[in-house]
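Next up: a single chain in structure tokens, the form predicted on its own.
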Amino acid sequence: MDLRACACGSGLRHLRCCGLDLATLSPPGASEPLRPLLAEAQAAVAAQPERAEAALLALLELAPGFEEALRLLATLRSRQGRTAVEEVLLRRIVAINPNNFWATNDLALLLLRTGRAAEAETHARNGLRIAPREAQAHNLLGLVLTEIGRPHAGEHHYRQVLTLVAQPDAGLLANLAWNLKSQGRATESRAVYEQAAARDPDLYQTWLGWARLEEADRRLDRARELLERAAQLAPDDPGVRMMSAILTAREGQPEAALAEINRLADDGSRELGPNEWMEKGRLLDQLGRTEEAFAAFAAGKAKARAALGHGYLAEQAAEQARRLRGFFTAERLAFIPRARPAPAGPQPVFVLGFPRSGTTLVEQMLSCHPDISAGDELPVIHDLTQAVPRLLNSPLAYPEALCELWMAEQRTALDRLRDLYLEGAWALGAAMPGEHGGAPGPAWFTDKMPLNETQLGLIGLLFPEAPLIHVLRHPLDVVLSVFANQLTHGFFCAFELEGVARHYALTMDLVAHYRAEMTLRYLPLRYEDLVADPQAAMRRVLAHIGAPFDPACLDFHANPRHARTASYAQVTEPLYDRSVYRYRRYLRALAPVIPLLEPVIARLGYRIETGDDGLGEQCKAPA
């Protein structure tokens, strides 16, 4: 008999845990005689956890598929801080019974809590399929969708909860308020926070979220006032203390903010998390302490990789790029018709660029124009790539499913796909067509979804006349800035320095391929040129779009719109050049990835110049 304890740490034998053959389990009803033992564990779990644990391990030795016992053991392990074991047990319940709502819900919540929002979405959606009238299912999916950058869809599920619950609690209202803040709807968000605070003034999360809203809305004094309310209720909460550091930095006191972050781990009771390490690195960078800053970024990335369980998904990224290059060739594209001009209504301007290239700044400037509405990061192109096989009734995956466009019955399919994009963008608030008889809406809206440039083939088929504004920045500045921020775009490339460099090079190579194989209305825009002469740059951009120049675009920092990206604070300031060629101070740290980037640096016409750390000519790219 195998008596080994399972390596996962559950406390069960391997044969009753991770080595269990689920096909050998007895029917659920066979566990009913063991309910007294389960009741004993339930009664003891709060006051006598050791007794509860012993009862559960004995019960699961006899009935390893008893779902309620597995869930109670998962709860016990969660209270002990053993998250990995809790996850193993919840996954087992879901495998035994995919219709177990609470285990599905708990697993989604755990994944969200540990930074795996994309996987959490899968289980949260399953939970809603199982229990469509369960308020908790809608609330959790709202949380997940807001976290992954789909706040408009998240709002729908929060509103559903309001229809299912007679008296929504303050926590739900605070979640909805945060969702509205994520959409840039500050006034509505503020009103919902007021409701949440009135409903339960002792819920510190309400005051904390409200403070974050006011900080993003540039009302720093009000943010500090609200944060003090949160601190009175939860003075030792890491989130409250971290927000205090962020606010202190916004108030122009980076040294004091850094001291606040350091105090988070001073007593030795906890370690800094990924976001705290990244904020510490940014403060050290601001203070000119380059080596310490890079070390902080590296520590944050190591923490993030550990939480996620992997780093850059290089093989998946390379395979996607290979298939896109293989399909979108001039020879194939010659047989594919383009979508016809779109019907009346606002049309897209695609603001392309690798994360941290300056796309948020460009969108903020364009959205000051009376004829251009900010669409922000629209996931619609990505959604269409997932839906193409179904919409074209193809047995193939995307992009190969586009072969159906050669068939007679699909010759207008691109027009349908184009209309689906427009409907999706308008539904997400990108812009609204003017009402009949009323004032016309904006002529254009922006779509600045990160890495949309990897789908230039599909965009070019759907909108052959759409303006494409590709924001370029020195590749080493881009890689450094991505490494200094916590991002998940691009197959998790941001979780390691080499991953950022590899994915940047892969993406830029793919753009070069598209430009060589198909006609695109493409305008490259250097971030450095925009900073040096914003008026000349914006005149070029607006002329490319077909809009008249408007000097309001140069006063972008006065734009009351809230940008939903890591650059939200920077775009509230007048243009500055301190981020231009920042890589020079980090050349020694960036040296390992320079060989990966040299071909792209040369192709874009950039050079690698000597920095302040003594690294010299050997790092220069060919002219």
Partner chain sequence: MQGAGVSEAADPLAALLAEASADEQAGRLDAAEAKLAAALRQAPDHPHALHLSGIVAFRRGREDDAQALMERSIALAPDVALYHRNICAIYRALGRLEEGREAGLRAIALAPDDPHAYANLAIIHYDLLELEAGLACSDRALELSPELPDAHFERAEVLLLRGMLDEGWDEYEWRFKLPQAGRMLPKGEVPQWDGERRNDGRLLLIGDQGFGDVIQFARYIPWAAARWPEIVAACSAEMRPVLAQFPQIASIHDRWEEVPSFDAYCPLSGLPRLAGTRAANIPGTVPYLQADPERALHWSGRLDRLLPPDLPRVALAWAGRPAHNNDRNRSTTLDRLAPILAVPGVAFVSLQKGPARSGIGTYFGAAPLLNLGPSLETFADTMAVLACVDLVIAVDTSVVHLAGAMARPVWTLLPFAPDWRWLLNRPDTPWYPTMRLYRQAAPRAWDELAGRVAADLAGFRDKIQRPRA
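Numbering follows the first chain given and starts at 1. Owing to the predicted nature of the structure, the values given are computational and were not obtained by experimental measurement.
One more form of this protein should be noted, the form predicted in complex with the partner chain, which is absent from this view; the next part is about it.
- Residue in contact with the partner chain in the predicted complex (any heavy atom within 4.5 Å), chosen from A430, M508, L203, L487: M508.
- E517 is the sole member of E517, E279, E496, D477 with a non-hydrogen atom lying within 4.5 angstroms of the partner chain in the predicted complex.
- In the predicted complex, the partner chain sits within 4.5 Å of a heavy atom belonging to R603.
- Although the partner is absent here, L391 sits far enough away that none of its heavy atoms falls within 4.5 Å of the partner chain in the predicted complex.
- R159 falls outside the set of residues with a heavy atom inside 4.5 Å of the partner chain in the predicted complex.
- Interface residue remark: P464 is counted as part of the site for the partner chain in the predicted complex, having a heavy atom within 4.5 Å.
- Just one listed stretch, out of 253-261, 540-548, 139-147, 294-302, contacts the partner chain in the predicted complex at the 4.5 Å heavy atom level, and that stretch is 540-548.
- With contact defined as any non-hydrogen atom lying within 4.5 angstroms of the partner chain in the predicted complex, L472 is the only contacting residue in 471-485.
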